[in-house]
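Each of the two blocks below gives one form of the same protein chain as structure tokens; they are labelled structure 1 and structure 2.
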Structure 1
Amino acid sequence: MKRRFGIRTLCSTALAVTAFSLSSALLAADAVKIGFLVKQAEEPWFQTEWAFAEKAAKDKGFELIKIAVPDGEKTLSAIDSLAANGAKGFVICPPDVSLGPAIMAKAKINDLKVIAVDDRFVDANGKFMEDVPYLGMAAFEVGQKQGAAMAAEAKKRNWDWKDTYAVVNTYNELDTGKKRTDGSVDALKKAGMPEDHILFAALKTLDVPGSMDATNSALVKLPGAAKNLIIGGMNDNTVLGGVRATEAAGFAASNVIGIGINGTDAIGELKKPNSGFFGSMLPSPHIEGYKTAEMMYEWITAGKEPPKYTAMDDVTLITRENFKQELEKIGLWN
């Protein structure tokens, strides 16, 4: 009897272990996998997005697959790879927004859900693909905060609008860029800057040399009474180039206020003890990484489709006084 009881017990235990193993295997097989594709994986911005997407994965219990997609070929290959690995959807900041139709076609073939982050897809006609869920910066509102910050600093320095002028480097071919500079100008006007004291300079390229050239073309139009300058643009580089142009034209750093947008491209300049580049509006890559990953998880597991547009206008003005501390908070300081 004891021998039979022992055999039955061993059999029961074996069956239980087998059942547990099968159950574990099934759970592992059913684990939700989500891709997170970024165009410049080496950039601190995207490293931070990935880090906080991984936090969302840990909090929610899914697997995050991170892939760098620096060009169109690698982007489309990555989508196939995600499908082969059992992913159900992906978040992406594409290397080129015009890849939108190809990305969506490839995702449809592989039955993958898509959320765009940071850069919004455009179609063959250059129009936003508004049917694709997108989370990104609220361009006009962030531009308004940029303009308001420049006006506030001018007031703090007791600048008189009579001898203060603004040079705004524009790139109206890019809708996001136009909205940012439109918002900035709107805030400057509301702060009391005369409309005829705002000069616009069209950018040919979005880098520092391009914005230097654009600003130089505007500086020659300034009246002799121009004493103080505000430099605006859609990002850090378009403002940095403008500041460089003022230096070459003989303006002292104390007579220039340049505030960019993005923060990560301004770190080197903010390390300098003195510059006309006063600061930058730092967005929230940590929030964007976590939120998009969370939205994709809820879409896959609960059928909760994300909004077509989630606007992010949470920005922090970083200056020489606080940039290190603010960047450390979100993992962008190294």
Structure 2
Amino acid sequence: MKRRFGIRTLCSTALAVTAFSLSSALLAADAVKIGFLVKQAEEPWFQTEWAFAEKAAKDKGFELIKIAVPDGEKTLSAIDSLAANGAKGFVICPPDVSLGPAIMAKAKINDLKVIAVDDRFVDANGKFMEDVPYLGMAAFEVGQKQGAAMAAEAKKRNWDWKDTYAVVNTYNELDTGKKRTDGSVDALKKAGMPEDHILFAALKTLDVPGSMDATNSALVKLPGAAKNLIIGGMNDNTVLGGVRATEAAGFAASNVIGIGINGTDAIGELKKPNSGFFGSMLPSPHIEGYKTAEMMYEWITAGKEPPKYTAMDDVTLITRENFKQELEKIGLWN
């Protein structure tokens, strides 16, 4: 009797276990998979987007597949591997916006939905691919705020425009880059900076060494009267290298105002007690990462199409005075 009871218990336990593992296997097979592809995984900006997309994945219960795509070849093969893994869509900041048509063609063959983040796709004629949902910075406005912050700090230091010059590192190949530097130059001019005191230096690469090279090429063109310098660029890295170039050229920190954009990539610099890198315009990488991943999830699971264009225009100037508090507020201080 005792033995029979034992066997029956064993059988039902076995059945329960089978049912459980079946359902968890089904669940795993059913888990929605979403890719998040970024062009410069080494930038804290993109690591922050990833971290918050991961948070969305936990909250909503989907699986996030993060892939670094530094070039076109890696981008296209990443899309194939996402499809092979059963993903249903991906969010992407492409290494080159003109890859847009190739990315969309690959996504279509593999039946994957696409949302662009930060850098907007352009077609073969250089026109925005407006059909592809895009979320990114309101670039001109953010640039204007950056320029206004530079001018305000120059005013605070009682700088005279007569001996103040600006070096703006540009990356006009990328619309969001061009609009940001156009915006900052617009604000500097409106604040009274003479147009011929603004020097432009084209960036070859979007990293610190690239911006150091660009600024160096402009510094040699400065007139002897240049005492104070403003350093501009589309993000933190493109300003950080510029500031390094001013140090090498012998400018003291008190004679340099560099203000970047991103905030995330300037944390190490702002931890230093002093440098010509004065601050950064901090947008919302946490919201960008979370929201794009969430929009993709809702598109896949509920058929809710994301808006074609979402502009993020909220920025806060972070400096050595307030960066810790501002980053803490949005959960970015660690």
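FYI, numbering is relative to structure 1, first residue = 1. The model shown is predicted, which means the values in this text are computed figures rather than measured ones.
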Mapping for form predicted in complex with alpha-D-fucopyranose resolves to structure 2
Option at the hinge, rigid-body rotation between structure 1 and structure 2, list Gly241, Phe36, Met137, Met150
Met137
Give me the angle, in whole degrees, that the smaller rigid part turns through against the larger one between structure 1 and structure 2.
23
